[in-house]
Every structure is written in structure tokens, then in C-alpha cells.
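Before any questions on binding or motion, here is one chain by itself as C-alpha cells, the form predicted on its own.
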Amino acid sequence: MAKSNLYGRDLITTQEWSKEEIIQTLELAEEMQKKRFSPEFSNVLNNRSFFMFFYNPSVRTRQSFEVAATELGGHGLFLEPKTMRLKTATSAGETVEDAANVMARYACGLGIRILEDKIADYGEGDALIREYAKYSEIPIVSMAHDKFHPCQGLADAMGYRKHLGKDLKGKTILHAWGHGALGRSHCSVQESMLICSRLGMNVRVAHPKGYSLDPEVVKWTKKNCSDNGMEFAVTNDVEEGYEGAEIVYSRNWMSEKAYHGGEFHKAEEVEKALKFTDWICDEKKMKLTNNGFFSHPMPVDRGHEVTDEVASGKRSIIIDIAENRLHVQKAVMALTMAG
């Protein structure tokens, strides 16, 4: 491949990439899916290593990034911060500056995954990733952090382009809060709001009072929609947002008071969320949509966020989207890391 205009770029949120760069990535991912084992792409990262820094565990993220690196001819290396002597707020060790500079001499890129229970307040994960980006000479890729999940957003968009057509302008997506037992971060839903609004969709958000999302992300989404002549709406009504939607994205996320006293209070979040039993995506609500598809970044909290009937139904595209993680990550790695 020729060196791309994205070579050397970080991916912390798709909001920081142009719409043209997003489309370029999606188109390459779609081509890579069609030619999955083609020699055209099998040596893109020949003999290069991609470091994967996991503060939090995963299912799809580790698997998809390791497979992506392998299929591009490279190697994905799993790293756990707890096994390294890194400086923290409570312990001595190597600084981010030193660690980032050294890792940049070894690898062609660095992915970081840091979610809600590994930070003391909202925004700290984003700040850590940006500190690595400040000192590193190789691309930094968010593998999900407290604010954003760009690779999931790209996988979502790839799925919507497959099922709704490549021009998403004028289509409507609902991000519906779901009651659940996981106390989840905002990252996936916020990234979905941003990328869908960039691609010309109408964006809706439905949640109970007390579960507002990041005001800055809401502001960006509203502007993205306005720039495209589309609508952005927020409702506290459990059914209102479903009406006429082409995509329903039902996902639990933490409340506005999830952090206090310097820690994330997961047990409190779960106890509070489980009281909102009406906030589940079911067939009754899906019938209000425009023959809508059900979307979710997984893992799905079945019986809380969504019923089995919907999650395993004919209009569920969750497995397609999970597969897309592999293809969009291959595209991101090829465009940002291949010389």
C-alpha cells in the first residue's frame, strides 16, 4: 500500500478525524472484508508489532486486534499495566513520558484500553491516553476508554452501511438507555452518537432523568447534526425515541453520580439501574420503529438492556457488527501504521 494521509495519526475519537478520513477507513475495511486473506493486504505490517495495553479485560477487543495484526503480517502483543513498573497516583515507577518513548522504539502502534473501574473520575482515562499520545512517536489507538470507543464506532457505521445503504444521510438512530447489571461507561454510545451524526444521520437519545451523557459530546453531536441539516433530540420518555427509527442501539450506561469520593461506585450504579424495569428494548417497542435493526456493541446484558427475542431476532445485526471490529481495526492499522 502507498503511504496514506492518515499515516502516523492517533485515533482517540472519530470526532478528531475528518468525514473523508472516516469514509476512507470504512471503504478500506469493506474491501478488506471482501478480500480477507488476499496477498494484497497480508504483508502490510510485515515483521511489525502492535502493543495492546489492557488496563481492563475484554472479549472481542483482544481477539480482534490480535487477529488483525496477524492477518496484516504483524504481531499483536498483549500487555498488562499491573505487570509493569509504572508510576501511579499511589506508587512510584516509570512515567508515561518514558514508557511512551521507549515503546515507540519497539512497536509500530500502541492500543490502550482503560474503562470506568480503573480510574477515579470521569475523564481520567481520556487524559491518560492523550498523555501517551503527547510523548509517543507512534500512533495511539483507543481500544475503549471512559469517553470514547472509536473502533466500535467505525464497526457500527460499517454495519449500518451494509444494512441501510452506504449513504446514511437522513436515516435515524436511537440510543436508548437500558437498565442493567453492569454499570457501563459512556464510551460506546458517545462514539456512536458522534460518528452517526458525522455521517448524516438523525440522532436520538432516550434515557431516564439522571443519566445525561457528557455535555461536550452532546454539544458536538448537536453541531454535527446541524451541519448536515439533520435533527438531534433527547427524551426521557421510554418509547418516544423508537418512533420511525431505522436503528435502535439499546445500552446501559452509568449515571451522572457514578463517581464520588475518588472512585467509581459500581454496586450503587447497578442497584439504581435495575429499578428502571420499563427501560428494556423489546418487541413492543421495536414495532414503533421503521422496521428498525437492533444494534449493540456487545457484550449484551440480555433480559435487562434487551430481550432475547430482539437480540437473537431477524433484525438483530449485533454479530455482523462484532465481526466488523476485525475489519475496521485492520483498516485503521494499515492506514496509520503501514509505511
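Residue numbers run from 1 along the displayed sequence. None of the values given here were measured: they were computed from a predicted structure.
The form predicted together with phosphoric acid mono(formamide)ester exists for this protein as well; it is not shown, and the discussion that follows is about that form.
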{"property": "Selected contact from 185, 250, 152, 190, since only one has a non-hydrogen atom within 4.5 angstroms of phosphoric acid mono(formamide)ester in the predicted complex", "result": "152"}
{"property": "Heavy atom within 4.5 Å of phosphoric acid mono(formamide)ester in the predicted complex - residue from 48, 60, 272, 302", "result": "60"}
{"property": "Contact flag, residue 330 vs phosphoric acid mono(formamide)ester in the predicted complex, heavy atom cut 4.5 Å", "result": "no"}
{"property": "Phosphoric acid mono(formamide)ester contact at residue 298 in the predicted complex, heavy atom, 4.5 Å", "result": "yes"}
{"property": "Contact of residue 113 with phosphoric acid mono(formamide)ester in the predicted complex (heavy atom, 4.5 Å)", "result": "yes"}
{"property": "Options 163-171, 258-266, 144-152, 194-202; stretch whose heavy atom lies within 4.5 Å of phosphoric acid mono(formamide)ester in the predicted complex", "result": "144-152"}
